[in-house]
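Below: one protein chain in two forms, given as structure tokens, structure 1 then structure 2.
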Structure 1
């Protein structure tokens, strides 16, 4: 059974009197442990697809199965619990909470998951150590470089041992050194069996993935395995 299975997924938005298709009859299956790059021009549907896979958005029609569960059959509260338990997110703009320390940011998924304080501190510190930022645990995001903030975001994404990590242009705001550090971390997570989806416009990032899915006008036009 695939970890992710999309069947006949449509996503439409009403713009005035017109209905615009962001996704059009998308079928996609992703096995556990794969690392997949999602590429395409601006407006091709990449971020919409990632939002649906990440349970941040719902399709207009079609079926989405995640880990054997039908996501279209979940109420919003249940969907939020599944999202917190199953999915880790890494965004281009980091999305760290500015008033929380690095440690506090990494602890957030564990707070929502009901993990006791002592255990979530232990797990968050271990995750920060994993990304080389244990000595920055008490720093606020504004006191960190862009690369350090993204490494905090990666620690937050995997601290709860999710089924999948979704990365939306994770190196888009980083210099070459920070990009290499971030990709090395994602490589290591994948080597340990983590399923990873990366939306990217950078060819050198896509080539590091074992599979590339290309979208155009809301449809999959290429699905290539390396």
Structure 2
């Protein structure tokens, strides 16, 4: 059974008299443990696809099974609970909570999981150590560099042991040194069996993935393994 299975997924946006097919009849299956690159021109539907897989958004039509569960049949509260347990997100612009410290940000996904406070601290500190930022635990996001912020976001993404980590251009705002650190961290997570989907414009990042899915105008036009 694939971890992710999309069948006939459409996503339409109606703005004024205009209707945009952001996704058009997308079929996609992803097995546990795969690392998949999603590529394609600006506006081709990459972020829309990630948003649907990450349960941030719902498709206009089509079927989405995550871990054997039909996500189209869930009410919003259940969807939020499943999202919290199953999905870790990394965004281009980090999306850390500005008033929480690095440690507080990494503890956040565990709040909803009902993990006791001491255990949340322990797990979050272990995750921060893993990304090399144990000595920045008390820093606010504004007191961190861009690369450090993204490493905090990666710690937050995996601390709850999600089924899948979704990364939307995670290195888009980083210089080459920080990019290499982020990619090494994602490599290490993948080596441990973490399923990862990464949207990227960079060819050398895509080549680190076993599979590349290319979108054009909301459709999958290429799906290459090797």
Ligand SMILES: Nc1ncnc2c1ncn2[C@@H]1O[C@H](COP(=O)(O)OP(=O)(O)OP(=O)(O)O)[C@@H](O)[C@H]1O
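Positions refer to the first chain, counted from 1. This is a predicted model, so every value here is computed, not measured. We call the rigid core whatever largest set of C-alpha positions still superposes within 1.5 Å between the two forms.
Of the two forms shown, the one predicted alone is structure 1, not structure 2. After superposing the rigid core, the Cα of residue 210 is displaced by less than 2 Å between the two structures. Look at residue 17: with the core superposed, its C-alpha moves 2.7 Å between the two structures.
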